[in-house]
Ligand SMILES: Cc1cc2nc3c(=O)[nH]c(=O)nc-3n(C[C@H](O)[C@H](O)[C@H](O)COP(=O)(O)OP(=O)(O)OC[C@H]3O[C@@H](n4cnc5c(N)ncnc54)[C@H](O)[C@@H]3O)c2cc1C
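Only one chain is given next, in C-alpha cells, and it is the form predicted alone.
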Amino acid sequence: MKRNPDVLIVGAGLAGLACALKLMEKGITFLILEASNGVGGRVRTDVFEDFRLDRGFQVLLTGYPEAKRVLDYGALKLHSFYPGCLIRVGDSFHKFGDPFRNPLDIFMTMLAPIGTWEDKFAIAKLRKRLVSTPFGDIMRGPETSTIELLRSEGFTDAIINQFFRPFFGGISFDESLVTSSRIFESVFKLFAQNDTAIPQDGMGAIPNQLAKRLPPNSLRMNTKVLSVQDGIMNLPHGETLGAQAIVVATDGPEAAKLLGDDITISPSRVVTCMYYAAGKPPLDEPLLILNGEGKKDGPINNMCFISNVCPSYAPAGHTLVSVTLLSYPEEDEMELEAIVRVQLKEWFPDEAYKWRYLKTYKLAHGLPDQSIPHISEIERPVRLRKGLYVCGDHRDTASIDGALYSGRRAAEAVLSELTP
C-alpha cells in the first residue's frame, strides 16, 4: 500500500522547492502539487524561437545569503552585468558607473549630467555607510520610505528622478519610491558589494536546479489545488489528499484565495516585460539602460541588450532586447508594441526600426508591495496553526532570497512539530 506523504506542499516556486529540500534533508516525505506545467512560479524561462525569455526581467544578486547557501553558482554558469548603467537624459546616453569597483569610470561618472557633483559624493557617502553596516542592523534600523530617506541624505530631485527612480523603482516595481527604506538600503548594499548576474540557461535554471535534487515522484504537475482544510487538500474531480502538515507555497494572491482569513497579504506591484530580436546591438557592453526622463520620454523604465550579458539568451548572430515597463497597460499587445517602438526609435534611430517584436509578459502580480506598513515586519509568520503553514516572497523580502528563506523557515516550523 502506498504511504501518504508526511507533508503536502502547494506550489513549486522557489519557496516550495526550498521547503521541500529542507524537509528531504531530515527524512520527511512530501509531495509538491503544482498547477502549471513547470517549476519556478514567476521565475521561469521560455524558449521562444531559440531565444531565452525570462518571464519578466529578473536578475540574481550573488550576495544573497540564502541563495549562496542553497544554490550551486558554478553549475548555473552565471554571467554578470557591468557594475553601472547607461542613463538616458537630454536626448543622449550617459555612463554612470561605480568607481569603487571600476576606478576608470570615475571621470565619466563625475562629468555625466546626472544630478550634481554633491549628489555623487553623497552616493559615495551612502555606499560607505551601508557597506560597513551588517544586514541585521539595517533591518532593525530606522524605517521610513525610500524617497524620504534619499531626501534626508541630501540628494537633489535631479539625481532622485534621473537615477534612483528608474534604478530602484525597476527593482521594487515602485517608481514612487514609497518602498521601505530598509529594503532600499539592503538592496543598495548588495549591489555595491556583489555581482548582478543571470544564469547561462536563463533565470528558470535556478528552480530547475533545485527541482533536480528532489526524490522521484515527489512533484505532481498540472494539478490545481482548489481548497485547503486542516490536514486535507481538495483537488479537481472530487479528489482529496491528506497529510500531517500542509504548506501553501504560492504567490500572495493565490495564498489569499486558499487561506482566506488565515492570512493577510500585501497588495501587488505590476510590471510588463517586452522582448525584441535584433541583429548587431548598438552597444556591446553588458549594461542596464535607465530612462532618466521619466514618463515624459515614454513608458520604458529600463532596458538592456541581455544577450550582451549572456550570449546564450539569443541564437548566434542575433541580439535579445529586453524592455521593462512599470505598469500594466490597458492596450492590447500590438497597440502597446507600437507605443514602445516609438520610444525605442527615438533612443536608437538607426537600429530600432529593424528590431523584430517577439513577446510581451504582463504581470498583474510582479512583486508584493514592500512599502510601509505592508513590510513593517520583515519575517512574517509561516506557521498559521498546527498542521498549516505558508511561505513565499510575501513572507520575507520580495526577492529570490526572500522566497528561498521563507521556504526554509516554513520547513523548520514543520519539522519542529513533526519530529521529536
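Residue numbers here begin at 1 and follow the sequence given. These numbers were taken from a predicted model, which means no experiment stands behind them.
Keep in mind that the form predicted together with this ligand is not shown, yet the notes after this line are about it.
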In the predicted complex, Ala398 touching this ligand (heavy atom, 4.5 Å): yes
Residue contact check: Lys359 to this ligand in the predicted complex, 4.5 Å heavy atom: no
4.5 Å heavy atom contact, Glu254 to this ligand in the predicted complex: yes
Contact label in the predicted complex: Lys224 to this ligand, heavy atom within 4.5 Å: yes
Region of this chain that lies against this ligand in the predicted complex, out of 351 to 359, 56 to 64, 23 to 31, 381 to 389 [heavy atom, 4.5 Å]: 56 to 64
Heavy atom of each of Ala35, Leu363 and Asp393 within 4.5 Å of this ligand in the predicted complex: yes
In the predicted complex, the residue from Ala122, Ile263, Ala278, Leu258 that sits within 4.5 Å of this ligand by heavy atoms: Leu258
Heavy atom within 4.5 Å of this ligand in the predicted complex - qualifying residues of 159 to 173: Phe173
